[in-house]
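Take a look at the structure tokens below, where one protein chain is shown in two forms, each on its own, as structure 1 and structure 2.
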Structure 1
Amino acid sequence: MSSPAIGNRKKWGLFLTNLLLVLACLVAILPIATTVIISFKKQADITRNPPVLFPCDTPQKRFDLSACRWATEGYQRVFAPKPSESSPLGFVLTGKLVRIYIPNTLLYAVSTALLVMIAASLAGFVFSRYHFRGHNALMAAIMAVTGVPLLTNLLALYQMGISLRKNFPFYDDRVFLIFVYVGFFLPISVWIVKGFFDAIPRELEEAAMIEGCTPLGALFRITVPLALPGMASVFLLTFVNVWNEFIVAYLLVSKNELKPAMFGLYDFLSQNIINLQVIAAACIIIALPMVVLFLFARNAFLKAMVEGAVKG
């Protein structure tokens, strides 16, 4: 079987496969790479016609590495550093994106992910371990709820927000927004967590209970530690979903200082129609944390993704 011809063909096949995959990776990376390049250009190189990929041309040569005109103007305009005596670094960042919008996003994403994780774990545990009347109907109902499009519910939630704001002195946009986010991302999370609980054998809990553990004790000492990876992926998935979410905040948040980063980014677009380097820099600053998070927790993401897709 292993004649040299077949061996050669295999080698070629492998080479071709890898070549195509490298090509696919390039397609995946190229738009991002061009954005990074744009973010480091000067205004004068942005508004050139015809456009150039690298700002490295001289009147004599098309590409000269020593003549590259890289600039951090875009980032400076986003961060807007100002010298300050009291700050340990000697300057403070005054850009709205880093001072207001990203901290807001962090607050929304962390609290939503935490609440979703807790509620989904409790519900997922019940659906996985208890059988009661209406069990399946309730699970199907939770699935059906996932099918209501975001925008459909937003019509009502928008009106709800307006009337709460009018009639309720303690109303807070942030609490309402987090509550809405939890409601949106909870159903799919319940299904995902149930899947993870299903994979943990009941016998472990039973053994603990025979040894004299209470049901809740068995839950927290045996089941929860084993389900922790699953709960973590639900946390991560929700965190990223909220971080990347735009339309809900766009419609429900009214005050400037409560806007999350994606909303702030949309504002940047209208203020910087021609300053492409500023838009690009803002995009990079917002997307980079998620990319880094993904690189560190790749498997948790991929697992939750498949689990969520098949269930939802």
Structure 2
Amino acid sequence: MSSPAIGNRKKWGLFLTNLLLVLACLVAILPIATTVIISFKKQADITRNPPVLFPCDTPQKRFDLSACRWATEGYQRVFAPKPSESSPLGFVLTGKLVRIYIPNTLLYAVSTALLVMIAASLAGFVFSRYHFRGHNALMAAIMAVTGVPLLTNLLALYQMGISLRKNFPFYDDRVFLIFVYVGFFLPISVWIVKGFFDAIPRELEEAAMIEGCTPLGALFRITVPLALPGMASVFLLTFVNVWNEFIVAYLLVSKNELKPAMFGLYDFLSQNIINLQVIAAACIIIALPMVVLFLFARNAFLKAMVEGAVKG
């Protein structure tokens, strides 16, 4: 008699869980969907009172799909295309966001992510395979460093940047910023990669060396391929964090033409405070590379996060 009741309770529990998950997804998607809709609106539809979600109303109907007034004004203002005979497309994009700021961010994010991935992989392998004097103390110190917010070091980094800029003629703000990012994201990355190396049996490397591989050959042929999910997760986490970072680059980079996309968005915000469609279009353009990245790498990223949490 109790079995059907238990089954019904499980069904209701599953239904409520799924309902809560759907509601949570809708709440999370709502701001993104609203931003996308605003980016395709005209200025007159954005400032209407009372406001409408979709610009598809007519004097006769509240919603008429054939009467929708979608516009690309916001994207045109951001891209700022201009005719060019020398371009194979017949036009060039002159907007600062896509011509200066996003390429800068791509440079910072890719360079930092690659350096962090390589350094964290080498350090993680050493900490995983070799036990030396001070091993545990050094690992604890690395973990302690991860708890220090980057903002608390900004004043010292700012003064350091000023000193380097004055005393070294070959100083470059971009190189300094990349090294600051590497120093901040490297400690936690070492722990992540070490967890993956710990989960790989040492017997595999020993078997490879018995077959004639050198220690480095066993590392790059056996261990590194098995640890690729962890290395990929470190690359993705670092890339995303650098892409979304604003305040450090804003303070440490002196020239506007070297600043990242988030500064470009801030610049757009100051110039288009009443043109919400332009700001929304800039937000979508900046966020789009992250969306594309996770669409292609979501399986490896989620697998790395789950396995890293369990194995580490």
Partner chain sequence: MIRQANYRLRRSYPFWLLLPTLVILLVVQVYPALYTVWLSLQERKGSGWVFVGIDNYKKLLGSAIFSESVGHTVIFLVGYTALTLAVGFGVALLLKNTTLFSGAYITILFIPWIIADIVVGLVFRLLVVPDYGLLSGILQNPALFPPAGLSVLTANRPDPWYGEFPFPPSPAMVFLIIAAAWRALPFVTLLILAALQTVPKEVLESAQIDGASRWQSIRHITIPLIMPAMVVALFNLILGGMNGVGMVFSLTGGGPGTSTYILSYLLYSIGWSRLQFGRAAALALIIAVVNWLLIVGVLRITRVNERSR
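The term rigid core refers to the most C-alpha atoms you can superpose between the two forms while keeping them within 1.5 Å. Keep in mind that what you see is a predicted model, and the values were worked out from it rather than measured. Numbering runs along the sequence of structure 1, starting at 1.
- Between the two copies of this chain, it is structure 1 that is the form predicted together with the partner chain.
- Fitting the two forms on the rigid core leaves the C-alpha of K61 displaced by at least 2 angstroms between structures 1 and 2.
- In the core-superposed comparison between structures 1 and 2, the CA atom of V22 travels 2.4 Å.
- For G13, the Cα deviation between structures 1 and 2 after core superposition amounts to 5.0 Å.
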